[in-house]
Structure formats: C-alpha cells, structure tokens
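Single chain ahead, by itself, as structure tokens, in the form predicted alone.
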Amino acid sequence: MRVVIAGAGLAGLSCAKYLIDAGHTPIVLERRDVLGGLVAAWKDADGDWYETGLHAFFGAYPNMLQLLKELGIEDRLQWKEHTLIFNQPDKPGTLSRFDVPDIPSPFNIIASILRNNDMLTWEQKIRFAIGLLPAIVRGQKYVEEMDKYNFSDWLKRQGVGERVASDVFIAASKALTFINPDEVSSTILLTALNRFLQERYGSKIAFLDGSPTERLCQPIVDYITERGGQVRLNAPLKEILLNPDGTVKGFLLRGLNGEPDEEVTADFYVSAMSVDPLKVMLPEPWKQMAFFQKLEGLEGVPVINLHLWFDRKLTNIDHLLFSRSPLLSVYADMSNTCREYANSSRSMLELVLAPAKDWISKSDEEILSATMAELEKLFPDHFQGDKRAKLLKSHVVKTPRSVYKATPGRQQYRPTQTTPIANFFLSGSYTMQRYLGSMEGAVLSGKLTAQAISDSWCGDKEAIAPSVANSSNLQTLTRPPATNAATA
C-alpha cells in the first residue's frame, strides 16, 4: 500500500516510519529544502547550527524515547542532572533549584518542592499540594474537564495565591506553551504536572548531541528509504485533487525552477502539515464539513528563538534554565549542553522569547537589543564595567505559527487522525492525543495515524495482526518503554 504524506516534520516522519514497520510504502513530501518542520535547523556560513527552537527532551516522553531506541540512536540524548533551575529576578545572577532525589514518584517531586525555600513559602507549598489533589485523585477525566479554565483561574479556584503563578508557573507556562498562565488552558499544564508526578524520571531533561535535522530527523529518513520508502525535499503541495465522490485523487505538487506541476497518487494520503497551512490547503467542498470547520478554532502561536555567540564563557551550567524574565522563557548555553556545539572558552546562548505576539513583527535589531538588556540582568558580572562580554554574532529565527495556541476550550477543536474522507488522514501534535503540542505529541500522532491507516487498509485489527506482530512499535502506541531511557 502506498501512502503519500505532506510534511517532513516529526509527525510526518514518524508516521512514515511506523507505516514502513507495518509493511507499507510511504512517500514523504516536504515543501522546504530542510527536514524537521518545527524542529528544523540550518548551518550558517561559519558552519554553526541555528534552530527553530530550544529543543529539550523529557523523561515523560515515552514515544519519543521508544522511537530513538528503535532507531538505535538513544545514546544521542545527553541526560542532565535531575533538577529544574530558575533565575531569581530580584537577585540578579542567583539561581534557585528544585533538585529531584532518585526515589519513587511522586515522592521525588514532592521532596524537591519541599526542599526549595527560595521561591515558595511553606504556606504556598501546602496550598499548592492541596490544589493538585483533585488532578491526582480524579485523573485525566478531571484534567480534561479543566480545559474551560486558564491556569491562573484554576490556581485561584484551588486557593493558591498569585505568587505561585508568578514565581513558578509563568516560567513553566512560557516554556511549555509559549504563552502565560492567564492564557493557557489548565488541561495543558495539569497534564504535564501529572506526567512529572507519575513518572520517576518524567521531569528529567536531556539535550540532543547535535542538530535535530542531522541527529534526529536524518536517521528516520535513512530508516524509511533503506526499507523502500521515499522522502522528497523541495516538493511543495499546491493542491489536494479530489475524485467526484470527494475522496482524494492525488496531491498536486508545484513545479519549481520552470518544471511542470506533478501529480502524486497513492492509496491513502496524510497531511502532516501544521494546522494553519492545512486550513489554507483544504479543498472548498471539505470546508463545508463540520469536522474541518472545527479547525478554525485552532491557530499556531508565534515563537522567536535566538542564538547568541559571545567572546567568553558566561556560564558553565550544563542544563536548561527558566529565565523568569518578562521577555524570555527558557535558555541554555549550548556550548555546555550539546556535544557538537561544545566550546570551552566561549558561550553560545540559545534563548526563547515568549510570548512573542508583540515581537514577531519587530526587526531583528529590536529583538536583539531587548534581549541583550535582559541578559545584563541574567549575567550581571559579564555586562558591567569596562570589560563587557562582546557579542560576536547572532541569529534570530521567527516562526509566526508554531504549535497550536493552547488557550481554554481548544481541546474540543483538536481533530482525530481519522477524517470523514475515507482515504485522507491527519497527523501533527495539534491532533487529539494525550500530550500537548510538543515533539512527543508529534511522534505520538504519527504513530496513531499509521495505526489508523493500517486499520482502514485491512478492515479491522484482526486482519492486520500478522503484520503488526512483526512490529511491536504499533502495538505500544502509548505505553512507555519498560526501562526509562532517562536513567542512562
């Protein structure tokens, strides 16, 4: 069976990988000349990498960890000390840590909170713990019901003071969703908290040892092509062609450099594009259908990622840091955290500016100037006096529409991977799956799409048992690996 997939991000590549495992032939089409979608990366003239985002991997990413294991590249994740590190704006240059002991969950997370006295008082800790009880006791059903509240309102309903939100969850919300707690759905943060509380290494963080394009996406492509699939770059989708009955006849690709347009046909078709370009590409007859009309309730959130190279070492911390800055979300010195970017004498900071809605239209110079002003607060020792750190070069990467904006009420608009069109499926972290818009959500959605296509092709799950039996990958769509890679 041939399946054409539009989009070579993690969702599209994962979908193709699991279709290969089930014995099918995927053809992945990517409009750009680079793999990865929202995790794409490029090399500049000096040979230095710059990326679309600061990509941190969590122990609570079972599908991502399983994928890496299946590809034989799990050793490319560089696991960091099990701790969460926050800056203290009222004490420039001072950090506050939530060190997580190596004991069973949820006691490890509880211990890390109790032992931190920099950011929360004992009263705040107790109130927050009591507030979390409904989510822990009532589980995911309760978490889903809380989609009607933003997280700030949810905290108030639990009797948790505003300082908890400002001290901890502004940073966490911006890091996970690129928006503030008064905008983000409670379901999103409660889902993440549940994962951290339920999995021993759920909040442990890793960085890839190089660029996502080379060290993560390319191995998936190699896996696909070595087994008969295809991945084509510079293959932009121009139109979804329809049969008289409204099903997909083919994908029409726009010809480049004077070449004619090309029609690609298959048995099944997948959109692994982000939700915003998908809405533009939908055929007019489909736009009248309730299933596709719901997509109007989803839109991508703007994100800005910065890369700054300095003439000296600003920090030796080998970890992700929550800036607690009104402008910045999280940052890391990639010369410490990433093997390929390592430099013992100079820093390369990668920073996420969020929320970015008021900055996405500003010039790179304005964004850089505002960021440097924040860095003076984060690293006061290096930006005072006559011997100030010198910025050698920079890259500002803007993504006007990134992962879907997870505001209250969005859950009802997230579509299933199966659509009313018999031979057309969706994949992407915005589709309905148990994780938020993230790398983990993208990989899981790709798995679910591959399973749905296999089910549709064979008629029922009994019929596909022989092919699936040879691929444990499709049998464990949401089950974490037996041994958590975060322990490595």
Ligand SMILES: Cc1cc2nc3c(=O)[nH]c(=O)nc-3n(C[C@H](O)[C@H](O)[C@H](O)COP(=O)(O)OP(=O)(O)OC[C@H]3O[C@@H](n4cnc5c(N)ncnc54)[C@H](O)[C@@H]3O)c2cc1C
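Numbering starts at 1 and runs along the sequence shown. Note that the coordinates shown come from a computational prediction; the quantities given were computed from them, not determined experimentally.
Form predicted in complex with the named molecule: not shown, discussed below.
The putative spot formed by Leu10, Met281 and Val303 is fully lined by the named molecule in the predicted bound form; each residue has a non-hydrogen atom within 4.5 angstroms of it. Residue Leu237 is the only one of Val100, Ile170, Leu77, Leu237 with a heavy atom lying within 4.5 Å of the named molecule in the predicted bound form. Met439 is the sole member of Met439, Leu426, Leu67, Ala450 with a non-hydrogen atom within 4.5 Å of the named molecule in the predicted bound form.
Looking at Val3, you'd find every heavy atom of it more than 4.5 angstroms from the named molecule in the predicted bound form. Remark: Ala272 counts among the residues lining the named molecule in the predicted bound form, judged by a heavy atom distance of 4.5 Å or less. Ile27 falls outside the set of residues with a heavy atom inside 4.5 Å of the named molecule in the predicted bound form.
Under a 4.5 angstroms non-hydrogen atom cutoff, the named molecule in the predicted bound form lacks Val396 among its neighbouring residues. Only one listed stretch (399-407, 119-127, 194-202, 88-96) carries heavy atoms within 4.5 Å of the named molecule in the predicted bound form, and that stretch is 399-407.
Interface residues of 35-49, taken as those with a heavy atom within 4.5 Å of the named molecule in the predicted bound form (partner not displayed): Gly36, Gly37, Leu38, Val39, in sequence order.
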